[in-house]
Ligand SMILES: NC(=O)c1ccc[n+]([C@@H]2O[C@H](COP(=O)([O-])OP(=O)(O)OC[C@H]3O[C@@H](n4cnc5c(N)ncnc54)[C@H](OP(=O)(O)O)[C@@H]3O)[C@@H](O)[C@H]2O)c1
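What follows is a single chain, given as structure tokens, in the form predicted on its own.
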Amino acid sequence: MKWAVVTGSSSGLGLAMTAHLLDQGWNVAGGSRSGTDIEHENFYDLELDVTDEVAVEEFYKTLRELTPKVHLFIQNAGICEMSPASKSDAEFFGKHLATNTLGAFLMLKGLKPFLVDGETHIISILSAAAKFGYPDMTAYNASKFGQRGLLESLQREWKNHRLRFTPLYPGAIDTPLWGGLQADFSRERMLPVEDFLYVFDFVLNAPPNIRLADLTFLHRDGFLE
């Protein structure tokens, strides 16, 4: 059986993707700080803090006991908080960089020994905020732009491995994340998780010779304002 790794598997899109992969017969190692409420014979719930280099090393050490190969890697762990630039401090800004950018770097660096040449597929949930700047989200935007640059660089660095890199740039998805933000956005202008999974399934099962390099998708009413 093939192996998938999903970071941020405890809630929101990570939880939904993990359940979807299990339904399709994958072995899944989920990484999160709080644990994932999934009970399945092919699911392995591993503790993970992507901001902690030692914790990432321990995650991969445990993963090595389960499998020597990762066929699908889903970079999903991240944080998103809102604050005007004038009211944001270095700690707030650094927290986003540590999770969304540095965390992605540490996970991808540790993934290298598990790569399957010509097969491993790396799907990164970047958000439209990796391409478009939003007001009151400077820290999140900067961290996602940085993650995008990381992936573009690594794709060229690992060219000889003939991997598939698929960055996804979704607009707003109606997940519990929005409940923690101090913003009054209309949920009716967000895509439901089921619509996200439609795109995810398309990407997951696309012919291996197809490269989806710039996939932005959002509600038909456009970006949140």
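Residue positions are given as counts along the sequence shown, with the first one as 1. Keep in mind the model is a prediction, meaning the values are calculated, not measured.
Heads up, the form predicted in complex with the ligand isn't pictured, but that's what we're talking about next.
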query	finding
All of Asn76, Ala172 and Thr175 with a heavy atom within 4.5 Å of the ligand in the model of the complex	yes
Proximity to the ligand in the model of the complex (heavy atom, within 4.5 Å), stretch among 22-30, 37-45, 57-65, 163-171	163-171
Thr99: touches the ligand in the model of the complex, heavy atom cutoff 4.5 angstroms	yes
Contact label in the model of the complex: Thr216 to the ligand, heavy atom within 4.5 Å	no
Touches the ligand in the model of the complex: Leu126 (any heavy atom, 4.5 Å)	yes
Heavy atom within 4.5 Å of the ligand in the model of the complex - qualifying residues of 132-168	Tyr140, Lys144
